[in-house]
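One chain comes next, on its own, written out as C-alpha cells in the form predicted on its own.
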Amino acid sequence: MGTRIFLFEARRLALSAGCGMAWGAVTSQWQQALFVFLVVLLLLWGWQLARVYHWFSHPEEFPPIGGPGMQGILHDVYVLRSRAMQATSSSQRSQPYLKESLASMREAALIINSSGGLLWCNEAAEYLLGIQFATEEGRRLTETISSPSLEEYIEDGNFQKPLRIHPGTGSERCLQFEFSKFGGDDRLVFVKDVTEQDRLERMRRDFVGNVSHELRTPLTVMKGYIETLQTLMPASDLTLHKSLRVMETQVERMERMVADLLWLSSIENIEGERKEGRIDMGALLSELISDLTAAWPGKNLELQISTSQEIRGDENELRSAVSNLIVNALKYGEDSPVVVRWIDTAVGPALRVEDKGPGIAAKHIPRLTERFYRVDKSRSLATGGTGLGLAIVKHVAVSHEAKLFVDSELGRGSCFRLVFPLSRMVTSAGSAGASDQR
C-alpha cells in the first residue's frame, strides 16, 4: 500500500513538472511555469489533507475521495472507526439493561470509575455497605469503606483473586470483593458477606492447629517409653524388639505429620500478609542442595542456575516449599537423576524440579495438592510421607502470588514448576547467567 501511494504521487509530481516545463517551452518562461504548476500541486495536496482532517473531526461523514492508494487507506480507517463506534454504541445501549438486571440482584453490586469513584450501586450494596448512593455518588469507594487492604488492592489493579477484608476495628464481619471490567475504564464490583464461611475456615484452622499442638506431648511421651523399653528388653527377644522398632517408626511418622500440620496451619494464618523479604534464590537453592545431597548420598541431584534474579517473599516458607518439591522427586523418582533449575521465563522467574521416574497418571494431577491425597498409598507409606508436602507447596505459592504447574506422564517422569510473577522480581546486583552444577 505504501509503495502504491509513493508511485502514484511520484507520477503526479513528474507529470506536473513535465507540464510546467512544456508550458515554459511554449512561453519561453519555463522556470515561472514550473513554479506555478508545483504550487498548484502543493495546494492540491493541502486541500486533500484539509479534507482528511475535517473527516477525522466528523466521523459520522463518509471519507473523502483521494488517489488510488489513499482511497484504500481511508476506506480501511472508515471501516475500523465504524466498528469502534458500533461497539461503543452497543456498550452504551447495554449498560442500562445491565444496570436494571444488577439492580434486582440480591448480591451487592457497584460500578466505580478508574479513580475508584462511585458511579452506581444497587439496593443490596446500600444495605450491605451502609451507603446512600444519592449523597455519596462520586465519592471514592475507599472513603466509604475504610480499609488499607482495599485501597492497596485497587491501586495495584491486579484483580485476578478476590479480596477479603474485615471492615472496622476488631470486626468479625468479613466481606469479599470481586472486580471485573465494565465499559471503558470502569469497574463492576460484586460484594459478598462471607462472615460465616470465614468463621468456619478459621474454626477449621484453629482446630487442626490446636489438635496438632496437643498431640506433640503424648507422642513425645510415647517415644520416650519406647526408647526406654528398647534398652531394657533383652537382646534375645527379637519379637519384642521388632515390635518396638515398628512402634518407634510410626511415632516418628506421626511427629512429622504433626509438624507439617502445625507449619501448614501457620502458613494459612498469615497467607494474606505481604511478604517483602529479599530472597536470593540461587543461594537458597545451593544451600538446600548441599543439605539434601548429604541426607541422600545415593541420589543423583543436580542444580542449574541460569538467572541471578532475586524475588520478594518469606524465606522460611520458600525454603519449605522448595524442600518439599525436591524431597518428593527424590522419594518418588526412584533412582532417576533429579534436576533442579532456577530460570527466567516470559512471565517471571521459575523453579523447575524434574525427575525421570515412573510419572503420575493424568487423573491424579488435579488432586495432588489436596491434604493426605496419595497416588499410591503403599508406596507413600513405604517412603514415610505425610501426604502434606504438596499442600504446603500450594499454600506457599498462593501467598507469593505464584503458580504451581505439574507436567507428568507415566513412564517418562514428572516436572513440577513454581512460576513467580514479574511483580515479585528484584533487580539483582550480580551478573546473570551464573551456573552451579553438581
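Note that residue numbering follows the sequence shown and begins at 1. The model shown is predicted, which means the values in this text are computed figures rather than measured ones.
FYI, the form predicted in complex with a small molecule isn't displayed, but the following is about it.
Although the partner is absent from this view, residue 332 contacts the small molecule in the predicted bound form, with a non-hydrogen atom inside 4.5 angstroms.
At a distance threshold of 4.5 angstroms between non-hydrogen atoms, residue 355 is in contact with the small molecule in the predicted bound form. Contact annotation: residue 376 falls within 4.5 Å of the small molecule in the predicted bound form, judged by heavy atom distances. In the predicted bound form, residue 209 stays away from the small molecule, with no heavy atom inside 4.5 Å. With respect to the small molecule in the predicted bound form, the three residues 293, 323 and 351 uniformly fall beyond 4.5 angstroms at the level of their nearest heavy atom. Only one of the listed residues (111, 360, 219, 226) places a non-hydrogen atom within 4.5 angstroms of the small molecule in the predicted bound form, and that residue is 360. Checked against the small molecule in the predicted bound form, the residues 368, 284, 301, 163 give one hit for a heavy atom within 4.5 Å, which is 368.
Stretch-level contact check against the small molecule in the predicted bound form with heavy atoms at 4.5 Å: of 360-368, 226-234, 243-251, 284-292, the positive one is 360-368.
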